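Just one chain is shown here, as structure tokens, and it is the form predicted alone.
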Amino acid sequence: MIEILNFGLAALILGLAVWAVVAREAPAAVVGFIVYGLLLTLVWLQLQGIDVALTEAAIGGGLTGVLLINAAVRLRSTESTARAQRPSASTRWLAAALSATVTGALAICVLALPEPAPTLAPEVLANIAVTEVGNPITAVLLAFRAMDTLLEAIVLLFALIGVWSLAPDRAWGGRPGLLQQADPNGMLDYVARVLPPIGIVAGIYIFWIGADYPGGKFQGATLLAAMWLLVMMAGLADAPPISRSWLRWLLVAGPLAFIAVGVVGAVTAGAFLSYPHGFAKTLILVIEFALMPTLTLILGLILLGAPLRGEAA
């Protein structure tokens, strides 16, 4: 029975992937992509990758889906023109051939893997105890591949700067997004007053247990950013001007703390982002605490978009 369900789930995911690529209407493609991400969450749960499932639901299906919805709304006026510019038959055949070639090459690479497939899991299990962290995902992300995690945080910061660079000159330094207003007696206002306290507690809990159980800073920050956005969507709060010094300091605090811990490791343990014996978990928690507000702000501000209003608006 489980095999039949897994086969059906795989077929549905493959169908949604094809739909997201071939759909002519941008909203339909975006909806297909969001459902595709949510179904991948079920796949990771089936594979017992709870941390990856949480990240896929929050970032893959949630955050990315909202970004694509915003993009589809912004491009709605040009969509009909884009559809009218149909590529030539030779271009379509070339794209199809290239896609088939890449798919075939990936299949050959996967099927050609030695048996058993190469893995670093034994080395991780043999050395994870020195990190003093109970969650192997956290240990891998902040110990064995800490440089990748640092670069991911920096890339997110540069992505936000890229979004801000789209602001018109008159609004630079102002507030991102549009000022939202909602019916004070409506459902959105009610939900924005009731749900955030629960969401904030859940987000902090998911972050707090991340060192020893499934969870962590990315999942917790996504939930906190969602609660912040909900409050702003209901008009209960406004986005801060991006010229505020405190905002910019919080945005760089996480990466700077991460780099500072790396320098401490270079001095005390002989390598950048190494941890001195007995202090691994403490320094990992320092990085997690520093990154949490940074990631929350970055995710929320990316979704809000470029500044469109002056500081006083």
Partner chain sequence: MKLFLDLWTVVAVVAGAFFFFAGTVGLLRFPDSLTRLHALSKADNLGLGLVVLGLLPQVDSVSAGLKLVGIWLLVLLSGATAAQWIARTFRQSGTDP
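The shown structure was predicted, so the numbers you read here are calculated from the model rather than taken from an experiment. Numbering follows the first chain given and starts at 1.
Just so it is clear, the following notes concern the form predicted together with its partner chain, a form of the same protein that is not shown.
Taken together, L151, L157 and V252 are entirely out of contact with its partner chain in the predicted complex: none brings a heavy atom within 4.5 Å. Remark: Y205 counts among the residues lining its partner chain in the predicted complex, judged by a heavy atom distance of 4.5 Å or less.
Within 4.5 Å of some heavy atom of its partner chain in the predicted complex lies at least one heavy atom of M187. The closest non-hydrogen atom of D183 lies within 4.5 Å of its partner chain in the predicted complex. Remark: V191 counts among the residues lining its partner chain in the predicted complex, judged by a heavy atom distance of 4.5 Å or less. Scanning L178, M233, V124, A72 against its partner chain in the predicted complex with a 4.5 Å heavy atom cut-off leaves one residue, M233. Think of it this way: in the predicted complex, its partner chain has a heavy atom of just one of L120, V110, I198, A100 within 4.5 Å, and the residue is I198. Of all the residues from 97-125, none has a non-hydrogen atom no more than 4.5 Å from its partner chain in the predicted complex.
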